[in-house]
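Before any questions on binding or motion, here is one chain by itself as structure tokens, the form predicted on its own.
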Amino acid sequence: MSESATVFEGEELSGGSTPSASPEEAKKIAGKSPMKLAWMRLRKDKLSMVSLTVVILVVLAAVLAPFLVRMGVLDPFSYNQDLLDANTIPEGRFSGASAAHPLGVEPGTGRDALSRFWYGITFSLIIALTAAILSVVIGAIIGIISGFSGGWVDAGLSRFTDLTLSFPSTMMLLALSALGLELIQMVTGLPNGPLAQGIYCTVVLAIFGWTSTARVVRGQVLSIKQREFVEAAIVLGASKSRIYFKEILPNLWAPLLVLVTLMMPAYISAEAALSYLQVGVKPPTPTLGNVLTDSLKYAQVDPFYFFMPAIIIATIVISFNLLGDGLRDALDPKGDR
């Protein structure tokens, strides 16, 4: 027996208590939750932290934009024809940039470019985030039911997923744009304006975007349903809805979070594509998509105005993609780093 053990034993025999760790030592010894471990791994990835910072700034800008417009700090709708030359092109370099208009003005109308870009981020992120959440919700429900049920239910839902994936989504968007808008107006009672157009884009992106989530979730559920806590819930007679949403779903939050961050940039790019195809939100309400589409007309005479929305979209898309990759690595310590 070691000397330290002998001393402790002597202290116990003499009525003393075994020394306990100090609060600082206990804090070091205490186990860390999976969330804390993931955050520690994410913090070590400098590229992911830079992307997270950019994403936070973009989200804050999107949240603040409507309030700044109401306060008059941003003015995306007022025309400034006096800042344009005879050809309706901004006078001066960099789209006529000045202290009053840091990124210049919009060719043809003279509207403040910074306000248009900033306010457009709000609408693009709302469409992308809502579509991503709807896609994940639909895909998670179908994936859980398919993976847990097995048999003909799994086969039927898997074939339905394959069928949805095989549809030419772009052609369907163009063919059904008028009918889809009319249906949304009929259901919601909204006029044919930016809100109805935004809802149409969101719904269409969600309808054709849930398939990847369903496949990922189904694969995860095939493994989770073999675990003891699920088998115990089945033996105890738990309902299927409880097993789906109380037992299985909480164990899927990590891949679902990663899927949302990876879908966001895809849907931001998709919104820009829809605007280019004239089935997105129409001007004068700005989105990054329709601002970029409008700038195509001035790519040669005013390249600064053309490149700015393209750079903003590229920055947001890359940041979300890098953040999604970083989260995937942080939440999956067994994967390749």
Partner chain sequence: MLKKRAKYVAVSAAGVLGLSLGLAACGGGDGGGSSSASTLTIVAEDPIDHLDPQRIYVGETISHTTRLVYRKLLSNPASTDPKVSSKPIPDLATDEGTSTEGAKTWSFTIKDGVKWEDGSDITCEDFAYGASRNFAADELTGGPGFYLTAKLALKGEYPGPYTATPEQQADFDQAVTCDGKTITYKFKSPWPDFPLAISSLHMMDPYKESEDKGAKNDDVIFSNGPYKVDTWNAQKGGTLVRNDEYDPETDDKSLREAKPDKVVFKFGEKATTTYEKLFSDSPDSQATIVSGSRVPPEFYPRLTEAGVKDRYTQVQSPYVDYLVPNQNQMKDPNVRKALAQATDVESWIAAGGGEKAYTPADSIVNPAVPGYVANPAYKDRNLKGDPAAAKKTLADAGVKTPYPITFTYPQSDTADKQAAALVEGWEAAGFKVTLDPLGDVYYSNIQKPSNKADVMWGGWGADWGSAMTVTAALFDSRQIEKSTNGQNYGNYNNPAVDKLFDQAANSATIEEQNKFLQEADAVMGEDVAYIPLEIATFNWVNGSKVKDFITTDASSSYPDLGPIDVED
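Numbering follows the first chain given and starts at 1. Being a predicted model, the structure only gives us computed values, none of them experimental.
Missing here is the form predicted together with the partner chain; even so, the following discussion is about that form.
Remark: Lys225 does not count among the residues lining the partner chain in the predicted bound form, judged by a heavy atom distance of 4.5 Å or less. Contact annotation: Thr88 falls within 4.5 Å of the partner chain in the predicted bound form, judged by heavy atom distances. Though the partner is left out of this view, Thr109 does reach within 4.5 Å of the partner chain in the predicted bound form, counting heavy atoms only. Taking the partner from the other structure, the partner chain in the predicted bound form has a heavy atom within 4.5 Å of a heavy atom of Tyr79. Of the candidate stretches 35 to 43, 51 to 59, 64 to 72, 291 to 299, only 291 to 299 contains residues with a heavy atom within 4.5 Å of the partner chain in the predicted bound form. Among Asn251, Ser98, Asn192, Ser149, the residue placing a heavy atom within 4.5 Å of the partner chain in the predicted bound form is Asn192.
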